[in-house]
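As structure tokens, one chain now follows by itself in the form predicted alone.
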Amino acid sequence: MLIGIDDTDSRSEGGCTTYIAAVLVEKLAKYGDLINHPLLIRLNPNIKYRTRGNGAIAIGIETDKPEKVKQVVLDEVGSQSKLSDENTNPGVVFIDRASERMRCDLKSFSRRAIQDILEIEDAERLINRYSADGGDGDGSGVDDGDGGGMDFCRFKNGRGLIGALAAAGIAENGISDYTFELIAYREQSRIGTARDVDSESIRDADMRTYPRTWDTVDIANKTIVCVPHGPDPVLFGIRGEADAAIEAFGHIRSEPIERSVLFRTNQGTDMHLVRAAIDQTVDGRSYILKGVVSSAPRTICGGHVIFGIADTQSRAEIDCAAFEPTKNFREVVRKLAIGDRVVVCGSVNNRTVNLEKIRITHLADRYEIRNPVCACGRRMKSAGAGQGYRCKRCGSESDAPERVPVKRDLDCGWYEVPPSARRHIAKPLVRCTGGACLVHPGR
């Protein structure tokens, strides 16, 4: 049985879907054998209803007590979800004996949930196809004629069914690229108080395990990244390779930890990005776009840096933005010039790319315009508007100024926003060191 859960937390009231998974990992162990690590799946980061990371979870279990497992899961989701928040609408999905058709439909649905914008109706159509109750409440999970069964439960409007189906779909079909996050949770009595985690031990853990762990510390901006600040039960989370996350965890000193769980996840994979042409972009999706810098970078109110790129074939243009939270990344962007060829990665909103990464593939030649040097060795002076140049020493004249090449203070290659501004699902450049392209990881 695969169990998918989403939308149990609240921006204002806290809660955490991964914490529910952590509790269920312990409670379900008595009813069967858990399959692999629980999954933490990050969905489209542009969804307006999302909480901080837009994450859904999936748990796999081999059991001969399916009804007991379902009851335990629903009891836990019902008791821990922040249902008083109008934007908290949990969904739970149970899948067993998935047919080939169901697997295919789930795979497509999961991809769309990560790269596109889905509505509750999209989830209901999939549920109608495979659940005996077809969207009326709790399905029976019986065979629907396609060789598969699906059971589900919605709370309130059930928007969480979207993420629950997507996470279960990833679990059913597997994931080709994945990373891990080891999350430590607080004791219940401490939730709502300031977190007590020793910063020096985090920095030490980071230095010992980087680059096998990442996004633990933002060195350039002197920020601890792995410790959240909201009212949720997460104490800290270490992202990276499984063994390295466990190693780093062992070096961190903190307040007492209630429990910890190692999640397999699509964080740090760029699964949300779609290759497209500039004229194909739609708001609310994330892209990899090629273009030529068509307008020079300019800094606007708030410290955001904006520049334009254009498609050399369609001539379509789009703005790109390095917003103020990207800090030192903006210094790279400010050095771009018209004519530079780039590849940009990020989400599109209001016809502007919110930059996550940029690859500079070619730097345009830049020149400084100077008065020409006379044959006598003296630099000429302007003879007046539109009248060329004249040497005051010997009287020689010239119509053309001197064009002196300017060395660019910028290298080709990949650049990224710093860890403190990175989205959970964005692939850090430390994972992209293979190949011939130069990368400049942000630390």
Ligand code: ATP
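The numbering used is simple: start at 1 and walk along the sequence shown. Keep in mind the model is a prediction, meaning the values are calculated, not measured.
The form predicted together with this ligand exists for this protein as well; it is not shown, and the discussion that follows is about that form.
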query	finding
All of Gly55, Arg112 and Ile162 with a heavy atom within 4.5 Å of this ligand in the predicted bound form	yes
Selected contact from His37, Arg390, Arg408, Arg50, since only one has a non-hydrogen atom within 4.5 angstroms of this ligand in the predicted bound form	Arg50
Heavy atom within 4.5 Å of this ligand in the predicted bound form - the one residue of Leu363, Ile191, Ile117, Val227 that qualifies	Ile117
Partner contact for Leu43 in the predicted bound form: this ligand, 4.5 angstroms, heavy atom	yes
Contact segment among 167-175, 72-80, 117-125, 241-249, judged by heavy atoms lying within 4.5 Å of this ligand in the predicted bound form	117-125
